[in-house]
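Quick heads-up: the C-alpha cells below are two forms of one chain, split into structure 1 and structure 2.
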Structure 1
Amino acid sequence: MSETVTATQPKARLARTFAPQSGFAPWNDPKKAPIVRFENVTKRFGDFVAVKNVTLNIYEREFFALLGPSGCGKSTLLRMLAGFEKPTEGRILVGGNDITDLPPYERTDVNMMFQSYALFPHMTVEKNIGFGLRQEGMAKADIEARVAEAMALVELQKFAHRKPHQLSGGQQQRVALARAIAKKPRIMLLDEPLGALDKRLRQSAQFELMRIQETTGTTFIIVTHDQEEAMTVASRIGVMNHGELTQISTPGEIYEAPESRYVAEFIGDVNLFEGKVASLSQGMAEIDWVGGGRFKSAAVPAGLSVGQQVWLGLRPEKIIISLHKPAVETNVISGKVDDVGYLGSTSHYHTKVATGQRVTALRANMAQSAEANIKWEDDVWLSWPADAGVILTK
C-alpha cells in the first residue's frame, strides 16, 4: 500500500487495516522485509546484562508492544533504538540500514515520546508541538501547517494557546504525542506513555493511540508493563524476562497459546495444574494430576512424551463452576469457595482444591442481580472441556 501524506492533509482513517484481526500479518510473509531489526543485540552495564542476545523483526505499520515487569530490559531495548544507549554487542537496522553507531539526532526516521512528557512549561501547546520543527530550521509556514495537522489529529485545536499547567494529564499526554507526530517519523517510540494517567483515562487513551496509529500509518513501538494495555493496542507483543524475549506473538496467541508458565502467568490470570503425562493417543494427552485424578487435554505440544512433567494451564473463564457434580467423568475436581469477587459484569470465584491450591473460576453475571447463588464456604465442582487448556512443558 503506497499512500502520500502532505504537510497539510492527514491520511484518511484506515479502519483497523493494521490489526491482525483484519488479516494484517507481514511477519508471516518471508518476502517482507522488516522496518526495524535487532540482530543479536546485547547490552551490559558493568556486570549486569540488561538485554541478552535479542533478535527481533518489527514491520512497517505495526503497533508492536514490548511487555514485561520492571527491570526486564524493555526500556533499554527502546533506548538503543532511539540512540540513547549503544549495544554492547550486535547491531540495529532501520529500513535495512545499520544505525547502531548513529547519534539520536541523525536517526530522522525515529522519534520518541517519553513517559514524563517533558513539556516546556513556558510555551503554549502550539509552541510545544512545533519545538522540534523549529530546531530543524523548517520554514515558518510549514511549521504552522504541521502543527495544525498534529493538533487536529489529537483534537487539541481549542487548547492551542494554553500552557501545560492549564491542561489535564490526558491533554498533556496528547500534546507530547502531537509533538512527536509533527516530525512525521516512520517509527514512533513510546516509553510507558500512559503510565501517569488514571485507569479510566488510560483506557480511553489506548483507543486514541490506536486511532492515531491507524490514521498516520506510522510504525508504533510501545514499552509497557500493563498487560491489558499491550493486549488492547498491539498487533504483536514481545514478552520480556531478564533481558530476553520469551515469546513474540499476536495478543490472541499470547493469551490462548502461551509457550511457558512465565508467559501464561504474566498475561492475565491462569490456573496451573502440575502433573505427568500418562498417555498420548489420537491427538489427546492424559495427565495424572499431583492432586489425584486424571485430566484430558487436546492441546498436545510437539515433542511431548509419556512420563514428562507438565503443567496444564486453564484460564478462569474456561472453568465451569457448579454446586452440582457434572455428568462428565474427566476434567472434574471438587473444591470449596474461599472468596468471591463481584465485578459487575463478572464474578470471580476463588476456590481451594484437594492440594490446597487456589483455583479461580470466572462466571458472567447474566441476571440483573448483585446476589450470587454460589457463596463463601460452598462446596463446588470445577470442570472444563478437553480443548480448554494448554499443556506447558517449561
Structure 2
Amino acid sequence: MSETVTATQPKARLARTFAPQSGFAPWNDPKKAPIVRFENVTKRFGDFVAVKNVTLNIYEREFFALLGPSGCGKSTLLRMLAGFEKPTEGRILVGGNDITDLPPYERTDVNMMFQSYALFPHMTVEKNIGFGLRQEGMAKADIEARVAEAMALVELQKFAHRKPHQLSGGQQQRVALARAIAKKPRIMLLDEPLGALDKRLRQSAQFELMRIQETTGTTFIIVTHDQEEAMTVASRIGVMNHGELTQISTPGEIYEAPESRYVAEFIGDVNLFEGKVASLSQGMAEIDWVGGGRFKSAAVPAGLSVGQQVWLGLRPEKIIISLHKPAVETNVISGKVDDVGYLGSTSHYHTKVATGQRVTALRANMAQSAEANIKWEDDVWLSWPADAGVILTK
C-alpha cells in the first residue's frame, strides 16, 4: 500500500509546496530496510474489524504519526506493535525479525508511553524511571546513572523523590516519557501522549518531544487525533479511517496533495467543488462545476478520464476574495458574504455561492490591504490560479 501511495502523481506537484523539507526521506530509498514493518495486518474484535489489511514501513529515526478520529484503529495498531494485542492476520517485523508472537515483556526494542501515563502510584519518580532497568537485572550504579540521565533529559531532577500524585499533569507526562526512554528502546511508541495537557503546554511539549527524538536518535511512533500535533512533530503522517490507512505522506504532501476528500477534510479546512471532467489536455483538466461554470486545474491525478465525477479541493488561503471582478477568464465565481470570522492575524470570509454551499476564503489582515472592508452581505468575487487546487476522485 505504501508503495502505491508514495509513487503517484502528487510528487510532481511538490515544487509549489512551501512546507519545509529537511532532506530526510529514507522512505524514498529502496535500499533502506524499514525498522518496523506491518505486513497485511488485520485485527478483528468479534465481528468488528479494528484494523483492515494494513501494510506499513517505518524507518529508523523517523517521527511517524498515526492520525485519525477516535475508533479508527490507530491505537490498536500501536498496541499490536507493543504486544498488547495480537494481529488476527498478518505479521509485524522489527529490524527484520518477526515479533508477532512475542509477549510485551520480551519486546526489548519497543517501549510505550501511555495516554494515561500509567505511572506506578506507589513508587517515587526515581523508582518509576528505574523500574524497567531493574527488570533487566542491571547493576545498581548503572541504574542510577541511567535514571539520572533520563531525568536530566526531561528536567525532572528536582522531583526525584516525589510520588506521582504530588506532580502536576505536565510533570507526570515527563515522568512517563523518561520511564520509557530510560530503557533506550530503538522504537518509542506514544499513545496520545499530550492528550491530557492544556493547549499552551501541549505546544511546548510537542517541541520537547521533537528535541528528545532528535537527541536520542530513537524512532518515534505517535498516535494522535490532533492534526496540528501530527503536522508539527511528524516526518510522515499515516491517516487512518475505519481501520484502513488511507494515505501515508509527509505533512506537506498531506496538506497540499490529499488523495481523497476524507484526508483533505480531516487535515485543515477545504472547500470542495463537485463537478465532471469536461476535457483533458497538456496536463490541464477542465471541470464543469455543478454550480455552473468551468474550472481549470493543473493538478491532474493519474488515470483521470473525461466525464468522471470529481471534486476540486481548494484550501481557504488559496482563494482570492475581491469586491471587483478580477480580470481573469476562468476560475472565478461570484458569491455573497454570509459571515466574517475575525481571528486577529487573518479573517475568514464565509461566502454563499451559486450552489448554496458556503465557500471559505482566508485573508491576512494587512494594513495596506488594497481591498479592505469586505462586509456582511457584500457581493464578492472568488478566484484562484489553476495550480491552487487538487482534483479528488474519491
Partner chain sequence: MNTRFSWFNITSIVLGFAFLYVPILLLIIYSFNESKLVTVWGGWSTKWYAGLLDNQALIDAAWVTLRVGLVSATIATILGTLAAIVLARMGRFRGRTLFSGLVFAPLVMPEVITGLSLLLLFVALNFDRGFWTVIIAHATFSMCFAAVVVQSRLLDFDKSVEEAAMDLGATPVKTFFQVTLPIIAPAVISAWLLSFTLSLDDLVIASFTTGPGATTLPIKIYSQVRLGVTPEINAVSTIMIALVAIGVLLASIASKRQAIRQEKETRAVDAGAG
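Keep in mind that this is a model prediction, so the values were computed, not measured. Think of the rigid core as the biggest set of C-alphas that the two forms share within 1.5 Å after superposition. Please note that residue numbering is based on structure 1, beginning with 1 at the start of its sequence.
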Structure 1 or 2, which would you say is the form predicted alone?
1
Quick one: core overlaid, is V125 moving 2 Å or more at the Cα between structure 1 and structure 2?
yes
Did G73 shift 2 Å or more between structure 1 and structure 2, C-alpha, core superposed
no
Large Cα shift (2 Å or above) at A298 between structure 1 and structure 2, core-fitted
no
